[in-house]
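To begin, one chain is listed below as structure tokens, in the form predicted alone.
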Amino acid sequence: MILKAKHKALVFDSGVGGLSVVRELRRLMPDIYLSYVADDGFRPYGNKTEAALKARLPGLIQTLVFATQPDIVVIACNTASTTALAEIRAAVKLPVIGVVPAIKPAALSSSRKAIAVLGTPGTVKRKYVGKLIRDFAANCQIVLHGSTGLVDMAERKLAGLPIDLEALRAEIQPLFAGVRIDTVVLACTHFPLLLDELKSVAPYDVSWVDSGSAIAKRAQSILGDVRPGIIPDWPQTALLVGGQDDETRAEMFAAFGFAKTVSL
């Protein structure tokens, strides 16, 4: 059975954080056909060196593109995007969109010109993030904070496990310890999955900004110039590189439109 033509996209992340981008892609383009890949065997990326990520990601993405035949690749991981995007694009001969921390829109919208960038330790230390701050937020006071604990909490939430709100409060406390910020950039795609919990433990109201919607709009713009392909009759699938596809994880991905979960 052959279905109608649709655009196809490959969404890649170290874990489940890219599902926050999947949510925005499906919201903007309900008919899009998605394949999702979680690099479970190599996560977390936040504590990997740039050399290790550059050595791994171009070849891995190239293989995944060959297997899934997408029209576009979305690297739904800030660490991967700020580290190895140029190398990935050189290896893959189709459009590749990376996730850029939303520092520019945060700086534009901040009334106090005081913003925090909340990402993994690897992301907040990248030279690319420093350049974004110099280019778009030079007039702002900046608080940088890296957390791997929030990544684990997001994974637990999607697995249906309880979140320790006191532990979450402790993870973000450094954001509010000095400068009175009014905007927080969620510079890891896992973190929007915890948005309700983050709002509940913040000591005062702030704006929370992420890149999901902008990435979806960029993908829609690029795909507007690409002729849709014919989709065979197979389910949209989440692929776990080095991971384990238990029933709980399969249900997690099914909630985001992936009817099948497969371990590689």
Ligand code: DGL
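Being a predicted model, the structure only gives us computed values, none of them experimental. We number the residues from 1 along the sequence you see.
Note that the form predicted in complex with D-glutamic acid (DGL) isn't included here; everything after this is about it.
Asker: Residue-level question: is Pro58 within 4.5 Å of D-glutamic acid (DGL) in the model of the complex, judged on heavy atoms?
Answerer: Although D-glutamic acid (DGL) is absent here, Pro58 would stay clear of it in the model of the complex, with no heavy atoms inside 4.5 Å.
Asker: I'd like to know if Gly46 sits close to D-glutamic acid (DGL) in the model of the complex, meaning any non-hydrogen atom pair within 4.5 angstroms.
Answerer: So Gly46 counts as contacting D-glutamic acid (DGL).
Asker: Mark Val185 yes when one of its heavy atoms lies within 4.5 Å of a heavy atom of D-glutamic acid (DGL) in the model of the complex, and no otherwise.
Answerer: Looking in the model of the complex, residue contacts with D-glutamic acid (DGL) do not include Val185, since no heavy atom lies within 4.5 Å.
Asker: Quick one: does Ile115 come within 4.5 Å of D-glutamic acid (DGL) in the model of the complex, counting heavy atoms only?
Answerer: No, no contact at 4.5 Å.
Asker: Out of 127-135, 162-170, 187-195, 89-97, where are the residues with a heavy atom within 4.5 Å of D-glutamic acid (DGL) in the model of the complex?
Answerer: That would be 187-195.
Asker: Just one of Ile103, Val73, Val151, Ala84 has a heavy atom within 4.5 Å of D-glutamic acid (DGL) in the model of the complex. Which one?
Answerer: Partner contact (heavy atom, 4.5 Å) among the options: Val151.
Asker: For the stretch 196-212, I need every residue with any heavy atom inside 4.5 Å of D-glutamic acid (DGL) in the model of the complex, listed N to C.
Answerer: Contacting residues: none.
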